[in-house]
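So this first bit is one chain, no partners, the form predicted on its own, shown in structure tokens.
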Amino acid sequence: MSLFRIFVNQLEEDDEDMSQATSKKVITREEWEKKLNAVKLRKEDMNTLVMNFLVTEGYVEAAEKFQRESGTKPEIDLATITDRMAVKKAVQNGNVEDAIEKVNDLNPEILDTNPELFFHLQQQRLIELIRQGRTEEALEFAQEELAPRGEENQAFLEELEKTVALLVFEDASTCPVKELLDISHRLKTASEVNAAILTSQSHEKDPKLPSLLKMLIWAQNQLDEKAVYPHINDLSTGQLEDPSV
């Protein structure tokens, strides 16, 4: 039984109780801890969850150390993490052309089979040219590399028009699409590339741990409507806090 299943079972029990009463059911710390202690979690499963997070997020040194200490085998070759992180870092630093070359070295099919990703990388190259004030080069690049793709895809055309709008304003801070110049846009593109590489390696593009934590929060919110019980308010500690009755 999983921790998530405890919440689901409790919700089912409370549905039955609520049909007979209008007030919320009160679950004491002792009762709740008894339910939690009944959960049997294998150490191997927990280790696999940790390794999945380290691999997906690119913590290669931590993954290597964790493999040595726990004996948990990663789902992919750890050497590929270094290559993937090099691509991600290149995009984050604005070196998009270098990132494209590294992606093609890893697997040429990634960009060949993902036109949206390739467009976004080319769009980021255009943004970097604009950021550097290389206006003529930016216009030429937009016309030769991006405009043809915009003619084939309406969504690409709209994104291209927004990007080129950056050239119209001398002061980028007054541009309606100034967020394209934010570092956050680089990070967004880098995350998209990272996900594509993971997918090409038959690995989940997102780590499992955050999804499980979101499920925990959802389950608590659902149970809040039916019962008063000890909460896990701080996910970093996992400590139970007594309910206020």
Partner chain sequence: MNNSYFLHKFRHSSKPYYAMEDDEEGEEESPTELNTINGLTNFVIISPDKLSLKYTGVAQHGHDVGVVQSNKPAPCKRLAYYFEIYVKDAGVKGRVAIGFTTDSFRIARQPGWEVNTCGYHGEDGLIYLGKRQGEAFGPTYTTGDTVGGGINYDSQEFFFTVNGTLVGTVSKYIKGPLFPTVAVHSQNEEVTVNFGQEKFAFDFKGYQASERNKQQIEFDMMSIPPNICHGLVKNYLLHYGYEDTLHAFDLATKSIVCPINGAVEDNIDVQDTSYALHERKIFRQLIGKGDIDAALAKLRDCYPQLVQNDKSEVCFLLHCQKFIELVRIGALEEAVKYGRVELAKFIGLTAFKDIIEDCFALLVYERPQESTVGYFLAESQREVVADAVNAAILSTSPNTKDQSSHSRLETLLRQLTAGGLEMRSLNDGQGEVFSLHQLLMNNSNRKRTKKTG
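Bear in mind the structure is a predicted one, so any value in this text is a computation, not a measurement. Residue numbers count along the first chain shown, from 1.
One more form of this protein, predicted together with its partner chain, exists but is not displayed; see below.
- Its partner chain in the predicted bound form comes within 4.5 Å of a heavy atom belonging to E69.
- Contact check for M215: a non-hydrogen atom falls within 4.5 Å of its partner chain in the predicted bound form.
- Residue contact check for T48: one or more of its heavy atoms lie within 4.5 Å of its partner chain in the predicted bound form.
- Proximity of K178 to its partner chain in the predicted bound form: non-hydrogen atoms within 4.5 Å are absent; the residue sits far from the partner.
- Looking at 39 to 65, the residues that come within 4.5 Å of its partner chain in the predicted bound form, counting any heavy atom, are V39, K40, L41, R42, K43, D45, M46, N47, T48, L49, V50, F53, L54, Y59, E61, A62, K65.
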